[in-house]
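In structure tokens, one chain follows: the form predicted on its own.
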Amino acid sequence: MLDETIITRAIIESYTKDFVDHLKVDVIIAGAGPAGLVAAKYLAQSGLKTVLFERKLSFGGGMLGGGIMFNKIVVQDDGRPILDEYKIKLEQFEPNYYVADAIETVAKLTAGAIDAGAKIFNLISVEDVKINEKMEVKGVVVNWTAVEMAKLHVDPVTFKSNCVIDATGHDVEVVKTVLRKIPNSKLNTSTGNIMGELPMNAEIGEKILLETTKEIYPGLYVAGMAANACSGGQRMGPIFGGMLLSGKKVSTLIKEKLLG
């Protein structure tokens, strides 16, 4: 015989425990797109306590829709080893072009991050950053996405970390918050500001993405499309090798900083 109060208690108590257990971590990632999911896996695998916040109900960012809602994605030779590591099935279309199922890819990237020890919370939006006396980013301020959508005045809560990754895609939401709320803040770009995403050029965009993946402000890193949007890189469309490699690179940069 089932007792609904036991079911409710099980959900509330276990979720609350997870929430409290991750109030202070090594790395916080905003955005569970391909770059954020890959970064979470490699960071957690190295022993760094990692939490990922996704504002939507689903994971994968733009990857789930493939191209124009045809849920297939393309990766090139450089990105293939990462998908091979996740045992994602690939079909060669032409030399240097491999097709993967977007739904399988997102599911396995998500499972890979969780299996490595990363904690993912969905339906939570990052609305602000926490800073220290040196104006370095040392955490984030979050609220329920539903609260944000309803425009309710409900105070948020804070999670602390040593590093934060903005993997929010084209909108670079965390970086914009830093520029808006920290006086005289300048980014690690040629202009000191968000340069904006350039028009479509997959070849240039894929190549430059590893250069634009970096520490953009003390304590704050950018990965995936957020990186190209910050530094003026091109849009790439439904080819995702660069996004995967960007997630791996940002994890390497943070591991070098925190683990030496």
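The numbering used is simple: start at 1 and walk along the sequence shown. Fair warning: this is a prediction, and the values are worked out from it, not measured in the lab.
Just so it is clear, the following notes concern the form predicted in complex with a small molecule, a form of the same protein that is not shown.
Think of it this way: in the predicted complex, the small molecule has a heavy atom of just one of 170, 176, 80, 130 within 4.5 Å, and the residue is 170.
Heavy atoms within 4.5 Å of the small molecule in the predicted complex belong, among the stretches 211-219, 40-48, 188-196, 59-67, to residues of 59-67. Residue contact with the small molecule in the predicted complex: residue 110 places no heavy atom within 4.5 Å of it. When the small molecule is considered in the predicted complex, residue 32 lines it closely, a heavy atom lying within 4.5 Å. Proximity of residue 207 to the small molecule in the predicted complex falls outside the 4.5 Å heavy atom cutoff. In the predicted complex, the small molecule lies farther than 4.5 Å from every heavy atom of residue 74.
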